[in-house]
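Just the one chain here, the form predicted on its own, laid out as C-alpha cells.
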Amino acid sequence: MKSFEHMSPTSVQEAVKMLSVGNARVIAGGTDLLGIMKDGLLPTDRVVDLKAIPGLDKIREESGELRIGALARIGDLASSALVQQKAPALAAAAFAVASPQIRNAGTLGGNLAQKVRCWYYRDADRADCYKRNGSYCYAIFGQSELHALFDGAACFAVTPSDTAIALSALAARIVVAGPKGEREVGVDDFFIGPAVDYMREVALAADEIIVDVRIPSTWSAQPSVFLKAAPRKAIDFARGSVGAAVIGSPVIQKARISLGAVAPTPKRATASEAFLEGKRLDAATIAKAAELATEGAKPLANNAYKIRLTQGLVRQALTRLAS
C-alpha cells in the first residue's frame, strides 16, 4: 500500500479543514476504504479518521424525528430498540449487512458512502472502466448478473448499500457538513447516477462529511419492512432488495417503495407507490403493485432474473405490511 498521512480530528470543523488538502479520504470503520487503497483504486495521500469526534455515534429521538449519527455502527442499529420501534425497515437492513464482524466495525455513514462493488471496477486489469476514468463498461457485453436493470447509462454498477434502500423508503434526510456549514440532502438526492456523473456515487464534495441521518416524524414509527435476496446472507451483497413503508390502514394514504441492487442508486418504484394510494393491500392489489415495480426495466444479457426476483420481494414486503 502507498504511504499516507493519518490524522485524527476532534471536531467536525477540524475534519473538514483536514479534507481540503490533496487526495484526502475519510475513514470511520475502514471496512471499505482500506481495501480500495490496497488495490490502488483511490489515490490517497491523507486519511482523516473521524472516530475521535465525540457525539457522532448517537442514536436518539428529537422532536419526533429519529436521528442517527454517521458513526453509529451498523450492529448497533440492528440491535437498537429505538430503531426497531421507529424504523423497523432500517433495523432489518442493518442486520442484513455482511457479517457480524463487519457490522460491528462498519458505520452508517460508511455504508451510505461506500464505493460500488462491480467486479470490473474492482479488477486492477480493467483500467479503462468508466468509473476509473476510462471509456468502457464491461458489463454491457460481459457477465452482468449483478448489474443494473434501470438507469445504467454509461455504467451499470448498482448501489451496494442496504441501509440506503431502507432509508429511501423512510424518506430520510442526510446532514452533510462542509466549509460553509451544514446542509440537508434528501436520501434520494444524495445518490448520483451515471447519467449525471459516472465517476461519483454520492453528493459529497471532497471536503464534506456525513454527520447525521434523520428520519422525519411523518414516517417514523409507521409500518415498514426491508427484504434482501442474496446467495450467502452473511457474505454476499444483494441480488435484489426492497424497502417499503406505508401510511394508513386499512386504506393506504401514502406508500414508499425503494428497490435495491437494480440501479446505480436506490430506485423508487413510483408507479407502484401511486397505484397503492387509496387502496387496500389485498392480494390483487399487491400483485399489481409488484408488477408495476419493474416497469421500464431493461435487462442486460445475464440479469433478467432480477425482474421476477424484485417483483417477488415487493409482493413479500407488501404482504407483510398487510398483516
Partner chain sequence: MKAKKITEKRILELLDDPQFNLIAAESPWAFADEIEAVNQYLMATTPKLPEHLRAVQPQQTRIVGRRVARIEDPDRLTGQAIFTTDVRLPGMLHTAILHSPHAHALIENIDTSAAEALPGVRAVLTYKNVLKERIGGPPDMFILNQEIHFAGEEVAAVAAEDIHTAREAAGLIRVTYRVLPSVTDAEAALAPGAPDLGHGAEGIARGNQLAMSYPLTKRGNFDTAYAGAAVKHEGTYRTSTLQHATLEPRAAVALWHGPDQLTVWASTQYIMGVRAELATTFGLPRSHVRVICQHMGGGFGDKSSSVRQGRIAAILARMTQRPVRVEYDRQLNFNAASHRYATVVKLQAGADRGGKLAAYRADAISDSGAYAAFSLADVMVSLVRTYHAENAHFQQVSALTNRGPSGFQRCVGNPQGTFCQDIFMDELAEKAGMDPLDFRLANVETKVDQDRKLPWASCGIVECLQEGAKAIGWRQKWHKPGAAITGSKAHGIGMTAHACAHGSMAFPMTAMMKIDRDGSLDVIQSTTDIGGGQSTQMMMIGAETVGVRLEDAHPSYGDSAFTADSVGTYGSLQTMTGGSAVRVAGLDLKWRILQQATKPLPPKNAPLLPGKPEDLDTGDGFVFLKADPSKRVPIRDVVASTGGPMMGQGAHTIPAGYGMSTFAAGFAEVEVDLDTGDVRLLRYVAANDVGKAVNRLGVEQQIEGASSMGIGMVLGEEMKFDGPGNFPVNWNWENYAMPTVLETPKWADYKPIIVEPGDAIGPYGAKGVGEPPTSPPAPAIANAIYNAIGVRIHDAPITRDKVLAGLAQIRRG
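Keep in mind it's a predicted model, so treat the numbers as computed, not measured. Residue numbers count along the first chain shown, from 1.
Keep in mind that the form predicted together with the partner chain is not shown, yet the notes after this line are about it.
- Between the partner chain and the residues 143, 79, 249, 85, the one pair within 4.5 Å by heavy atoms in the predicted bound form involves 143.
- With the partner chain omitted here, the record of contacts in the predicted bound form names 112 to 120 of 163 to 171, 214 to 222, 188 to 196, 112 to 120, defined by a heavy atom within 4.5 Å.
- Heavy atoms of no residue among 52, 203 and 294 are located within 4.5 Å of the partner chain in the predicted bound form.
- The closest heavy atom approach of residue 105 to the partner chain in the predicted bound form falls outside 4.5 Å.
- None of the heavy atoms of residue 130 is located within 4.5 Å of the partner chain in the predicted bound form.
- Contact between residue 232 and the partner chain in the predicted bound form is found at the 4.5 Å heavy atom cutoff.
- The partner chain is not shown here, and in the predicted bound form it never comes within 4.5 Å of any heavy atom of residue 22.
- Applying a 4.5 Å heavy atom cutoff to the partner chain in the predicted bound form picks out 305, 308, 309, 312, 313, 315, 316 from 305 to 320, in order along the sequence.
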